[in-house]
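Listed next as structure tokens: two forms of one protein chain, kept apart as structure 1 and structure 2.
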Structure 1
């Protein structure tokens, strides 16, 4: 159960930006290939005040002993929907035709821009939610900033560079209108519904925007004898692109989409960054010759586990393989080769001299570190991987003067790990964003015993161990013929909350509890292992993190 004391501990994890902090005795990776061993970083008012080996620590500074830890510039996500919740009405978001009772209001061959998924004038800050759980998830992976774009179809709107902390969208946005976001996504049952139709509509909109821009310029110079321009916000959104002051970040994952995006760019000559690229190895030379920047997708296809071969009849093993078996072997071989190309793509780009960063558009935040290690194992150098997380996206997004390296005067956006970030079993321990410090405890879960026969019923006393704070509580579990229920409370508040989804498998007990924190509803998910009259495990508290739980059954309450 969450208490006032627990909340106080959580607040202490976030340092006010007005405080002065010092990280001492750390391995400071200022930028790829440049390391200061056993160095010190001083932060004041959200900025890096000093960095080096012989740095004087100001009187009154909060000192964080980062002994033997590794400090990097905070990672920058080149493109994603971080902080933009998925819409409830996915049909409307996709630009599809309304349900049958509304269908008569839609001209499917000539729908409105909104129905077609054409909203380039929309700004992502209007969709951004400061309390969206994806912000904390990405922060735990070491990301301090993200280039966030709206959700939608063909032309969802313009993106912004967002700091992954803050109480409101306005407080989070660091640089607005960074790029026009586009993708080859049709509008479902209205025009443009196919990829070819999307490309045709793209050409039409761009050329109309060029004409409208020229008309507005002429009218502004001398309106006499001219019809007043028809000011169209959707077309006006293209003007910075036409002037080459804003790039189009074009999502093109597969090879066909990449070719189609390149075709549009070649025809219309707009500045472009290819994003969320997953199959770009075959066009590496083209991308290099055109000097097209790339955002490589951080997600990777999962390796398929081969079924265990069972010992069969020896005579059957000698029989000639059927055509189906031969085809299956060929498909499996091709699948393995395709996976290898995915894993090696970043290394291919590096060797080709292609400028690239990473996109977290479709990756699970918990897979980021392991996927990067796979890329490195397949040809990508660690320095280039780090550049793709820091210096390269900072340059692409026009924020290299304030982030991307650990230097005096830059924003205090840092990620601190207990081992080199790309090493096996490396953990993110701290993330700092503009001087605000977030601490993450390394929580390891023991495996349960599915063959055990643990008895969870009874009254338990438990503690939750939060950095700087220990919270005590009471848990009562009732077992009614295998159906578990009960309540959980805290001695500081004496408020009981029912538990839900309680289940015991072997000695692994799981359940949830809904609580209210300052008007915000949170779900606490418990995963506990029972050993006789003792229990231990973890509780996940939404965006606040995961914490260790220990408890014991009260005597006589079995």
Structure 2
């Protein structure tokens, strides 16, 4: 079966014969600023056995020629929801209370803790799904470990450091109950619904937890004649924070939220890591002086596409500009300047001497590399950027003794690129997590031409290039007044399935197909460019990856 083939292609690189591997002839960036050229890394049983220029390759090791490639310590995501599926209920996801017909059961003024988004006692390990597609997406971006926290509103629960591989949640978890996660998110239609109530509730919970903790301690000493403490799991979740044994990872992206989080911290004095920070340059000195660690958001505001200059623009430039045109120029300049400040944030932090790592909480994994390049272009040094992906998060998360560098004894968590990671057109080619290797094809996509008028109708034959294997198939597309439909089959199963969501824009054809693999339903998303009777493009197969597709129209059958 064809998907079975893909699956095999991915995992075939992990040899069933040996758990010893050697990467040879690679540029090994052991840690920021420390590089071994043309070195070798030996991995055994998931650990780095040796690193160096003159390293003996053990007998029986599987050798992978990483000629001219670059090897880094696997990236560590400082905070995200990777592996935590979004709740099916879209309302709950947006933090909204039920609609009116359900509202009868909800006491808006006195909701349950779950409805309020106050579940600090929850642990992320109970929500992790080992097969969630976000894991593969992050892995493909070079991340080998992540600090993950539950989804929710103001206090969703505690986090864990996980490896981005494994067949079950338990297999992924490295360190549990790492941090209490919080954000200034209201619970929609129930209390606390706004930021003012979230702030108040935070203070109240914290002080109640202090009271409860003191009461419990008193009771433990001499319970006779004393009112019994109530058992309250939510308040108990604060105890390690009160003892300063567990930090609060506070998500606060914009400047006002940052100020609010700092206000709470200032009042209650809990250990805090400010996370997913996007607009923090204004408070760099405060963060530095208060010694608050920071996780910088990996997402950046989108740059506006410059409108293409049309013919005759020269004449337009001569003509007097209207009020609105003059205004637009000024306003666009202001936006562009502001964008620069966002791009320069991590550079500002670096100069201020703030210790920071990155948070992938709201970034699209495919944007990570280009966003890092933008940060570097705006003042961040490559070494600090690399540290923020490796050594700094390892230290912040208390796992520096096992990950973050390419050194003997560390977990074999590596990311291997064809060019230096921060260089233009650099691609992640391999990711290794605890010795397990994941290989990635370089898939380049041509840009579509939106002005083309390609006709997709007809019968096509196509091939999918999977490493070590090629699958062929037949695609038939019917165009009835611009509405596309059709079927697709493959040579391995001869199974024919209907295509859905078919659309042509210019010369870009997109459609999806559902196939059944061993009882599991998989969605294949095709993106193809048509050039006459030829086409090429990609197919994405859920967590398995994206593969190259080529095809041609069968002549005479249209």
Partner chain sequence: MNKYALLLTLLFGATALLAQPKTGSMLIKNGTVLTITKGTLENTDVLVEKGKITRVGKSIPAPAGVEIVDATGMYVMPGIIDAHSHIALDAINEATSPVTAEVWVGDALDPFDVSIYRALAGGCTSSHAMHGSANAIGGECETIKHRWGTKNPEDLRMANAPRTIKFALGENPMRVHGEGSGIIPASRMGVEFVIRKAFTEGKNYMEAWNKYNEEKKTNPNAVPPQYDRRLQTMADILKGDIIIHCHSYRADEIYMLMNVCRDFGVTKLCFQHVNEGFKVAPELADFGAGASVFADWWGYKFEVYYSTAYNAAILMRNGVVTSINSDSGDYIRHLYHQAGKTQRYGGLTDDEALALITINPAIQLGIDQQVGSIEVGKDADIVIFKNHPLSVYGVPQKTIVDGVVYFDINEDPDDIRIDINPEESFPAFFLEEQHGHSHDRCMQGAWEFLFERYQNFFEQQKN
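Residue numbers count along the first chain shown, from 1. The term rigid core refers to the maximal set of C-alpha atoms that superpose within 1.5 Å between the two forms. On a predicted model such as this, the values are computed, not experimentally measured, just so you know.
- For the form predicted on its own, the corresponding chain is the one labelled structure 1.
- Positional change of residue 505 between the two structures reaches 2 Å or more at the C-alpha, relative to the superposed core.
- Once both forms are fitted on their rigid core, the CA atom of residue 529 lies 2 Å or more apart between the two structures.
- Core-aligned CA deviation for residue 356 between the two structures: less than 2 Å.
- When the core is overlaid, the C-alpha of residue 455 ends up 7.0 Å from its other position between the two structures.
- Once the rigid core is matched between the two structures, the CA atom of residue 330 is found 3.8 Å away.
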